[in-house]
Ligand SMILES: C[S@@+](CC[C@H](N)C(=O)[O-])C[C@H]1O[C@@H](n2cnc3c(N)ncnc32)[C@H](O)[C@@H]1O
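As a starting point, one isolated chain is supplied in structure tokens, in the form predicted on its own.
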Amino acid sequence: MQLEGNCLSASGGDWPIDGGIVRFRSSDGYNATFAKQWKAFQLTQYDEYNKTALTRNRFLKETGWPASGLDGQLILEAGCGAGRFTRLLAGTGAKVLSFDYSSAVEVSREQNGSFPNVAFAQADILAMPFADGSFDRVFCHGVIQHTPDPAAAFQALNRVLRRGGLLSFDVYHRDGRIRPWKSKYLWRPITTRMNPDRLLSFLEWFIPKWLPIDTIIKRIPLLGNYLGAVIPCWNYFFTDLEPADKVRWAIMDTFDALAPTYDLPVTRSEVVKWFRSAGYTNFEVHEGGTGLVGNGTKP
């Protein structure tokens, strides 16, 4: 699909196209660890690869959007990573403009470039070169907590959404409670200063050894919730993933937790404030698979 000309900002210019990707930016910047991650785990989260419906079920449950029948609509996917959601968005029949801050978009382009209704770009969510009100739907999951300003990221997404359009995003939840996934905050002051190659190599050695122990800990009623909040290990023992995939997901998502430059959770009241400040009256904020999900219809 050609990049929709009428969605580009009038202040734009001539941007290079490299490998089928419009490059509004050219470096990995503060998301270099995500570029590394998605090039190392290109197909890990694709349902067809791991023989589950984890991605599909999450998409349908958290957005409330249909899996098909959106022909004629234009969807912006802000932050595609390796492209597991890109594939589902392509299946809706809508035209999809999918971008990522880093060169991780190259992975999604490789996996999803055969879809004639998808265009790819490398761009910054905080400096999108898209005109106001360009898109019928905006999808942004797993992204804005990894920007330097989640509130500004919400405002940017809202800017490019048309009136009456649908917005769906998620963000890590700062709720003051002890949870296993919050173990990363004990270690990030160290791991974010490590060489990413060294960190990934360590996790590839450590996680297969620790995962069986971690599984025992996290299965302990009540107490496991607290004991599991010390040593970071993303554990998918509760899913129907194959054993080898559980190890691979654990390595991938533990790296995802420990390596990124930014990890900025927010409170529920903050997300509600974002919506209300933008004039939304038809919106919902609820718990999702990785934190808070915000869905709304732009007034």
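Everything quoted here is computed from the prediction, not taken from an experiment. Position 1 is the first residue in the sequence shown; the rest follow in order.
Here the subject shifts to the form predicted in complex with the named molecule, a form of this protein not shown in this document.
Q: Heavy atoms within 4.5 Å of the named molecule in the model of the complex: which stretch among 87-95, 73-81, 225-233, 192-200?
A: Result for this chain: 73-81.
Q: Looking in the model of the complex, any heavy atom of residue 256 within 4.5 Å of the named molecule?
A: Yes, residue 256 is a contact residue.
Q: Can residue 124 be called a contact residue for the named molecule in the model of the complex at 4.5 Å between heavy atoms?
A: Flag for residue 124 set to yes.
Q: Do residue 130 and the named molecule share at least one heavy atom pair within 4.5 Å in the model of the complex?
A: Heavy-atom contact with the named molecule at 4.5 Å: absent for residue 130.
Q: Spell out, yes or no, whether the shortest heavy atom distance between residue 160 and the named molecule in the model of the complex is within 4.5 Å.
A: No, residue 160 sits far enough from the named molecule in the model of the complex that none of its heavy atoms falls within 4.5 Å.
Q: Would you mind picking the one in 59, 38, 249, 274 that has a heavy atom within 4.5 Å of the named molecule in the model of the complex?
A: Contact with the named molecule in the model of the complex is made by 38 alone.
Q: Identify which of 141, 137, 173, 109 has a heavy atom within 4.5 Å of the named molecule in the model of the complex; exactly one of them does.
A: Contact residue from the list: 141.
Q: Across 15-52, which residues bring a heavy atom to within 4.5 Å of the named molecule in the model of the complex?
A: In sequence order, 30, 31, 34, 38, 45 come within 4.5 Å of the partner.
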